[in-house]
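Consider the single chain below, provided in structure tokens and representing the form predicted on its own.
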């Protein structure tokens, strides 16, 4: 028995009603001790039947044991207790993906990411399910490529250095390529999901008012992130030869183009 499991077990023995059962059950689960983890989770739920984290824990244990349907029931209970529970949404995203219901999987994963924008496992899962959904919807003879609106036609980097995404991390327009050439638009869009919320939260905590843009300089290039509307983020990427002042001008020009296009979509 490892030190953390031993310490958590001792604490739970001292107080059987302690919420430490969640940490102990998870520690046992990740070590593959599913029977022991299930006993801890069920005992804890007897004391705390309305704890969403407890139902999420038990769901992950039974999912690891191969009972995805029972896990889905537990995740549904967790959501009934806490509609914004990131783990339950992520779990139901997994369960629906296993069932082949890609639309439901996407919906739950997007809600999971909105609840916890920092969870990279959700970002990766969301990207994988989106790729599967695109492939399923595409013409088998045409591959999985997606036509995007030519919103930035005429602007430098229209399809390789300008990316417009919605708050759920879906690509709306533009494109993005890594220096080596591969298209990374979908991956980057997924990582951008939730950024606006985090920026809003940070600006509010620091009493800075509404955030306008974020600029970052790297060894090989620079990027500029802004919000042309409340429902979109715009990322502009250029190599390091473009100074920050020029980058801001290009971003403002692209943001205006994006804003006009977004307004047109709501008419």
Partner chain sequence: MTTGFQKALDRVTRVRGVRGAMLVAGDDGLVVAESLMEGVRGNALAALAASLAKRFRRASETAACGLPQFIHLQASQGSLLAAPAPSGMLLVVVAEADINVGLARLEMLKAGEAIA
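Positions refer to the first chain, counted from 1. By rigid core we mean the largest C-alpha set that fits within 1.5 Å across both forms. Because the structure is predicted, anything quoted here is derived from the model rather than measured.
Only in words, not in the display: the form predicted together with its partner chain, which the text now covers.
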| item | value |
| --- | --- |
| Region of this chain that lies against its partner chain in the predicted bound form, out of 167 to 175, 124 to 132, 76 to 84, 151 to 159 [heavy atom, 4.5 Å] | 76 to 84 |
| Heavy atom of residue 119 within 4.5 Å of its partner chain in the predicted bound form | no |
| 4.5 Å heavy atom contact, residue 217 to its partner chain in the predicted bound form | yes |
| Exercise: residue 223 in contact with its partner chain in the predicted bound form, heavy atom 4.5 Å | yes |
| Partner contact for residue 237 in the predicted bound form: its partner chain, 4.5 angstroms, heavy atom | yes |
| Non-hydrogen atom within 4.5 angstroms of its partner chain in the predicted bound form for each of 49, 184 and 213 | yes |
| Post core alignment: residue 17 C-alpha displaced by 2 Å or more between this form and the one not shown | no |
| Residue 187 C-alpha shift between this form and the one not shown of 2 Å or more, rigid core reference | yes |
| Core superposition between this form and the one not shown, C-alpha change of residue 98 at least 2 Å | no |
| In the predicted bound form, shift in Cα separation for residue 160 relative to residue 129, 3 Å or more | farther |
| Outcome for the Cα pair residue 122, residue 224 in the predicted bound form, compared with this form (closer or farther; change of 3 Å or more) | farther |
